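Below you will find one chain, with nothing else, as structure tokens; this is the form predicted alone, and questions on how it binds or moves follow later.
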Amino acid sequence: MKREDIFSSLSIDKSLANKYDFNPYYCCIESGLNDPILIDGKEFIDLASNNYLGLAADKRVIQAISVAAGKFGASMCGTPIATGSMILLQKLQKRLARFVGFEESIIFPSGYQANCAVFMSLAKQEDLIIIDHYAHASLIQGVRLVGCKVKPFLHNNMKHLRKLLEKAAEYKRVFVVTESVFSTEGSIAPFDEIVKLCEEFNAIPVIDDSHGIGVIGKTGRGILEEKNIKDFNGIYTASLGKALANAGGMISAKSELIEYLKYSCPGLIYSTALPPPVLAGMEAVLNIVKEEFSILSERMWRYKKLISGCLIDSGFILTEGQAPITSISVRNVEECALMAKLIHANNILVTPFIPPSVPPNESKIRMIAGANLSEKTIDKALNIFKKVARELELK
């Protein structure tokens, strides 16, 4: 191929967006995650962000970020192994480890990076990785980077997982990989059963708790608290940009593993550390979660039940999820685009998921109602959903 043809050969199929004169992706949001948010100068109800506890624009978090910026500046301009391992980072890593029940943790610039890095650093070509069929793209990408044997197991299907483990004796090491809360549908992994299977077959469990940390568990500590798993002998990853309302990702494990990653993980060693204001913002969020999780959680769950109930009564078909995620199941990509356009036209921001983000013929429209939303906002959203249902003639 000629050099001048390389870029001209790249293209994205936008036929669906052109057909409906609507592209729901890369919306220009002109505000923080307030209630309401601003898009193109118009007020929208935010049901798209992962701001579960509603803390992204909390004044206390903003204040902590501002103070840290004044004291430490915008960046340490270095990787954690060089100049980036500042006092805020070290304190936060220890606090996050304690929060989710581990000895140590390390923080990455993103959850995606943490998921890719863990497999690149630990898995070898002679190993086997068994991964849930619905696992997040960041986990799948991390697994692919290794080049070892990969076998998917049917979503949350313990019988299928057992069969694969029974046939895995030839491999040097076996990793079993899943998410805690599956973000497009809201199902929760039977992780206590997965851990028991891993103990039985001497496999290493790897859990991505990105949509679980700060969301599930009696005090918001995630999947291990939710499933009452003690002395977890595996690997834990999570995004810090969802319920914890900041940025970054984390890996937690026993101290020996974290020490190894600190000196051998390229994704950590060669990436600039998170800015001090972000680290301070995370500390503020953890303080709020410690004191107010029960209040915020109750509001978050109540909003989820109100929205789900309204959608079902209006004729929408929902996925069966156990988390505070509400997903409308649609038959095909075109129906998803049309429904998303109607919702957007009524000033609600939602997230349409179409292939390859979801399997073929499993398109979804996902909604998360953060605890920062007012009762008035939720009532308005319910009335809009009833209106959209009438326009779609669902009943």
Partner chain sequence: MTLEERVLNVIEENLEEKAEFNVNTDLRDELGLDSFAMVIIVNALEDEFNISIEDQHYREIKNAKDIVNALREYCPDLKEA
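Because the structure is predicted, anything quoted here is derived from the model rather than measured. Numbering follows the first chain given and starts at 1.
Not pictured, yet referred to below: the form predicted in complex with the partner chain.
Visitor: Any chance all of 150, 155 and 360 sit within 4.5 Å of the partner chain in the predicted bound form, going by non-hydrogen atoms?
Guide: Yes.
Visitor: May I ask you to check whether residue 132 falls inside a 4.5 Å heavy atom distance of the partner chain in the predicted bound form?
Guide: Yes.
Visitor: Is residue 140 part of the interface with the partner chain in the predicted bound form - any heavy atom within 4.5 Å?
Guide: Although the partner chain is absent here, residue 140 would touch it in the predicted bound form, with heavy atoms inside 4.5 Å.
Visitor: Can you work out whether residue 167 and the partner chain are in contact in the predicted bound form, taking contact to mean some heavy atom pair no more than 4.5 Å apart?
Guide: So residue 167 counts as contacting the partner chain.
Visitor: Are any of the heavy atoms in residue 144 no more than 4.5 Å from a heavy atom of the partner chain in the predicted bound form?
Guide: So residue 144 counts as contacting the partner chain.
Visitor: To verify the annotation, which of these, 94, 160, 218, 302, has a non-hydrogen atom within 4.5 Å of the partner chain in the predicted bound form?
Guide: Here the answer is residue option 160.
Visitor: Among 309-317, 69-77, 274-282, 132-140, which stretch has residues whose heavy atoms lie within 4.5 Å of the partner chain in the predicted bound form?
Guide: Answer to the contact question: 132-140.
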